[in-house]
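Okay, here we've got a single chain as structure tokens, the form predicted on its own, with questions on binding and movement later.
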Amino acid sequence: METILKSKNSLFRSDATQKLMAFAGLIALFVVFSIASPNFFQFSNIIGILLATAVNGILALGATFVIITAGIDLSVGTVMTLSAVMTGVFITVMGLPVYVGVLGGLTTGALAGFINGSIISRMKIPPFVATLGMLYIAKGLSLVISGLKPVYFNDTPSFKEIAMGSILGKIIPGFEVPNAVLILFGAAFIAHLILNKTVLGRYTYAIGSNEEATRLSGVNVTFWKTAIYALAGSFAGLGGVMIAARLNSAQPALGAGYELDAIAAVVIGGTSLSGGEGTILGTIIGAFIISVLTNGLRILSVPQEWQIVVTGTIVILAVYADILRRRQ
């Protein structure tokens, strides 16, 4: 028993160290870019960073659950796009109320995630292949349903307020923080509760730690894995609603590459690709690291291609750090 407790304490310290290192890295980026450019720490630029993190952060929340199970979801970017398009169809084409369109977008994402989970858990197709297929399906459906044209919300000004309005600005004059940022933190809080306080969260960790042992203990792994992917799809649906509201349009060709940023945020935040480990706080820190890094390099006029190189290097270092941590 004493050995088990020592092992748990060691794991806790290791996980806490990982999050501390990620947070320290985020602070270091802030300090470096603030010194390098006086424009970086301006209030308007900080709001821009928060807004840029909103969509990617929401996608990363769903990806966290999947990666903790030792799975992967390559379809979150295009599922986000499909959800945005369906939201536009419900509101602008069918003339339904805004809240119905939002629910339609969330349902679209959840349905895509449910299909992913069913294919993976029931048909035993590897997550990489199943979600890659969904990536193309969602991308194609977005183009077909939209008729290859953006869907605009010009006749529904209240829709844009979902992301770009500011409830805090009305309460505290001059504190114009977009609603999208509040929704990100609200979604993160809900994801944290699900992961740490519910049966779904416990089984997420259990499946990632040892799926076969979890199955032999009497857990319906097929059901819970499907539920986990459906939850990840719901976050992708929320991301679709957010990006549509932010742009005031649903762009059917948008979405490719978002899945890579989401996965990068999760990995940088300390979630292990081997499964069984990960936190929502770490993912949010990882999402902010990517946004701060991109914003800072852009302000310093670093070419976009080199920004991508730097991000890829950080992802590799984060994975290598996880390998070293597991060896210890």
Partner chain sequence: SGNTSDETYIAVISKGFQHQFWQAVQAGAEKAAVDYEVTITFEGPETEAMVDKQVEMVQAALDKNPAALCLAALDTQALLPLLERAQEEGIPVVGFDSGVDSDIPVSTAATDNLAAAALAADKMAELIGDAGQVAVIVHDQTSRTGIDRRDGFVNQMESKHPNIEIVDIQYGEGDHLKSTELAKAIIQAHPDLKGFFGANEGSIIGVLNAVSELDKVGDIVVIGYDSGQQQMDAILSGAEAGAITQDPIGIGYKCVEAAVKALNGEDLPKMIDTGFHWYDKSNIDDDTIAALLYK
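Quick caveat: nothing in here was measured; it's all calculated off a predicted structure. Positions refer to the first chain, counted from 1. We call the rigid core whatever largest set of C-alpha positions still superposes within 1.5 Å between the two forms.
Another form, the form predicted in complex with its partner chain, is not on view; read the next lines as being about it.
Of the stretches 180 to 188, 82 to 90, 238 to 246, 101 to 109, only 238 to 246 has residues with a heavy atom within 4.5 Å of its partner chain in the predicted bound form. When its partner chain is considered in the predicted bound form, residue 300 lines it closely, a heavy atom lying within 4.5 Å.
Interface residue remark: residue 154 is counted as part of the site for its partner chain in the predicted bound form, having a heavy atom within 4.5 Å. Residue contact check for residue 254: one or more of its heavy atoms lie within 4.5 Å of its partner chain in the predicted bound form. Using a 4.5 angstroms limit between non-hydrogen atoms, residue 258 touches its partner chain in the predicted bound form. Using a 4.5 Å cut-off to its partner chain in the predicted bound form, not one of 64, 172 and 279 places a heavy atom inside that distance. Taking its partner chain as it sits in the predicted bound form, the stretch 37 to 74 comes within 4.5 angstroms of it through a non-hydrogen atom at 39, 42, 44, 45, 48, 51, 52. In the core-superposed comparison between this form and the one not shown, the C-alpha atom of residue 38 has shifted by less than 2 angstroms.
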